[in-house]
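Here we start with a single chain on its own, the form predicted on its own, put down as structure tokens.
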Amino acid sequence: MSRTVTETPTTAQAKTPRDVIYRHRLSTRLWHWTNVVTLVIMLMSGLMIFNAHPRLYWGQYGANPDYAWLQIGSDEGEGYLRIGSATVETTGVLGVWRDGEGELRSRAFPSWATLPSGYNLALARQWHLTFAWVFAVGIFLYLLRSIWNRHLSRDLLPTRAEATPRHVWKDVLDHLRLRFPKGEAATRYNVLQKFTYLAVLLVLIPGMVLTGLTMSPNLNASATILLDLFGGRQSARSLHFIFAFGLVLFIVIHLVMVILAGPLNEVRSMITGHFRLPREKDQ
């Protein structure tokens, strides 16, 4: 439960005190910033792993001669991204690019986007799997705690009134017009935030964890149900990158909304826990 902290008003502000609420608990802030570091490392090491075989397939098996629904590569010195039958030239960014010393490279993702920056599949896997445990344990504990203290049902599940098409459409229009909640309304998640956070917590992150486990040879032997669930290792690999892309899209939108809503107030609240409520127009 958030507690409201009201700063001592000045004479001019006697009737309109500036409200500061305690918005984020210490555990939430620690989890948030741990995830920032963890996701950056996992995404960059994941791109390094992708560089080892820059193709995605559906089904149980996949190798160079098989049909790949997505491929990043190079042909006669030109980079390309191929999705199905559509091909986009990506020379200089994907497929073919120059490293920090000006040398021409022909790998899918450039060195500045991968961890490690040089080609090292074994080291990338160590980074990825180590921080995958940090990520998986963190989200598991967060979900348990959110169920236990009713954060999930109280703050994230939309009410029946919020879930109506009319209410959702109004919230979409408010976002498009950059009309953000003010005053007391800013203390609650709006319905688009609730849908987004639920999709991340209940679909994208569990999907990434489960498809990652499905690519483990040891688990393939002991838990074949995962292979059946996702239709094979190559389908699981494709879904793993799709879930990861969805998470990157969420992060980009999240950052844009933070900037539009007031980056200093938003970032400060995630560091100190205290959030200054945006004032109503008549205040």
Partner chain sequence: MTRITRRGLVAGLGYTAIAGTTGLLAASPEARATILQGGEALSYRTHRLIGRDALVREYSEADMSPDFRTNGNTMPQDDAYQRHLDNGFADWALQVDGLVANPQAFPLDRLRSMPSRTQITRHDCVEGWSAIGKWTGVPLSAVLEAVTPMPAARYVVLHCADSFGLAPYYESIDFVDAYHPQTMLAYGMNDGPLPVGHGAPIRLRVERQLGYKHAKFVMRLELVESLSAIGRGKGGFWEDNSGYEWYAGI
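Numbering follows the first chain given and starts at 1. Computed from a predicted structure; not experimentally measured.
Keep in mind that the form predicted together with the partner chain is not shown, yet the notes after this line are about it.
Of the stretches 190 to 198, 130 to 138, 150 to 158, 73 to 81, only 130 to 138 has residues with a heavy atom within 4.5 Å of the partner chain in the predicted complex.
Although the partner is absent here, residue 234 lies within 4.5 Å of the partner chain in the predicted complex, judged by heavy atoms.
At the 4.5 Å threshold, heavy atoms of residue 185 stay clear of the partner chain in the predicted complex, well away from it. Using a 4.5 angstroms limit between non-hydrogen atoms, residue 248 is distant from the partner chain in the predicted complex. Taking the partner from the other structure, the partner chain in the predicted complex has no heavy atom within 4.5 Å of any heavy atom of residue 252. In the predicted complex, the residues of 57 to 83 lying within 4.5 Å of the partner chain by at least one heavy atom are, in order, 60, 61, 62, 63, 64, 65, 66.
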